[in-house]
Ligand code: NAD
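Next up is one chain by itself, shown in structure tokens, the form predicted alone.
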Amino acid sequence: MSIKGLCVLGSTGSIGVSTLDVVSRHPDRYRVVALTANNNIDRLFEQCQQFLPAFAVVIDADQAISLRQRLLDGGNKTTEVLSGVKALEEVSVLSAVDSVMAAIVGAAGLLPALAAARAGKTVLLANKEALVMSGPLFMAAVAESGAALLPIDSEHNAIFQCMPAHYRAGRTAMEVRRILLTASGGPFLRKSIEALHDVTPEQAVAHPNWVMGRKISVDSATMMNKGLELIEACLLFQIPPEKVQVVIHPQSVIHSMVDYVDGTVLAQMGNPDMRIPIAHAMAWPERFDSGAEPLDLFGIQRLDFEAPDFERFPCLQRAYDAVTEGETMPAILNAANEVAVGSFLEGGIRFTAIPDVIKHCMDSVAVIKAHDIPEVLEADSKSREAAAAYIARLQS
């Protein structure tokens, strides 16, 4: 079996670190061609020393110069250091790259992931925002190039595993009646709605089950993470939002389910360890060891399920509204959320203001038909401007 070349977009984040852990267990299957990071240069340096990629990309030019010197001082003459946003796309389409782990958080991950799809790569999609923003345009690029699109989010990967054997992403499975999209409920599932007003960033990022980055952890606390996953599920599996049911499952053991027309419900189970879906996608259509611990059903003892409370989690309702309206509305929603979460993490707004910022942008930014990526990016930009202006009024 030939060794596949891998590009990891966002290698210093939680998904990137887990990906490289899986790679280290299977050096006969994957070699690292390129690693990219935003500002965690120390970790990127360590990764480059361990995996000796041909390329490393950082956004800031000065940091690139510093990293280049550190690598040379450390005896690494293998890794060429590039800088700038455009370099992310360049390493995504290298001829030596077979698979691209798209793990850059937020809208910044759209263009390199899309470049990989257009180049016909195997796209391991961990960046849900890329698909949320560009929607049908991204799926069309996959279809036109013949790229393989494999979901990394634990929920979408679970759905993919529970789909019919002949299923491939972007096709309608007629046998499927519903998708049951599970959610942990985050750290505030039992907290009184009134008390959410005083939630701190430290409390919001303390997820009970998963180890994630700060932005994604806040999204989980508001359940916008599940809202983005809802939009992504509709696109990946070509199913209308009314056939996607969000189910609160606090144990995070069942990662999602597929309900078939004959009454069969298939569920994918496993410990809350992102190496499981990562290893599944990297080995697909085979399987190999992820490094995750085996599931101990006797230790779990019980599995609970409940319907989501839209008063507690208004962001989830916003996502249902956005995917129903379609066009550029999901991009507007995503941009507003990124700005609002960023402001919350910096102490600029309260936790409960996040859905208010999103609603303001959804109500005030014009929705247009997304013919191309520039129109999507324009909607993203206008929503960010509207969100920033609204936050400024809240602070005045």
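Sequential numbering from 1, following the sequence displayed. Remember, it's a predicted structure, so these values are computed and weren't measured experimentally.
Here the subject shifts to the form predicted in complex with ligand NAD, a form of this protein not shown in this document.
Colleague: May I ask you to state whether I59 is within 4.5 Å of ligand NAD in the model of the complex, using heavy atom distances?
Modeller: Yes.
Colleague: If you check in the model of the complex, is A335 within 4.5 Å of ligand NAD, heavy atoms only?
Modeller: Residue-level check for A335: no, no contact with ligand NAD.
Colleague: At 4.5 Å between heavy atoms, is H280 in contact with ligand NAD in the model of the complex?
Modeller: Taking the distances in the model of the complex, the answer for H280 is no, it never comes within 4.5 Å of ligand NAD.
Colleague: Is S14 close to ligand NAD in the model of the complex, meaning a heavy atom pair under 4.5 Å apart or at it?
Modeller: It does: once ligand NAD is placed as it appears in the model of the complex, S14 has a heavy atom within 4.5 Å of it.
Colleague: Which of C234, A204, L181, M274 has a heavy atom within 4.5 Å of ligand NAD in the model of the complex?
Modeller: Checking each option against ligand NAD in the model of the complex, the one that comes within 4.5 Å is M274.
Colleague: Tell me, which of M257, L71, I216, L114 has a heavy atom within 4.5 angstroms of ligand NAD in the model of the complex?
Modeller: Comparing distances to ligand NAD in the model of the complex, the residue within 4.5 Å is I216.
Colleague: Given the stretches 48-56, 32-40, 360-368, 324-332, which is the single one in contact with ligand NAD in the model of the complex, using a heavy atom cutoff of 4.5 Å?
Modeller: Partner-contacting stretch among the options: 32-40.
Colleague: Candidate spot V105, K128 and M212, all three in 4.5 Å heavy atom range of ligand NAD in the model of the complex?
Modeller: The answer is yes: all three residues contact the partner (heavy atom, 4.5 Å cut-off).
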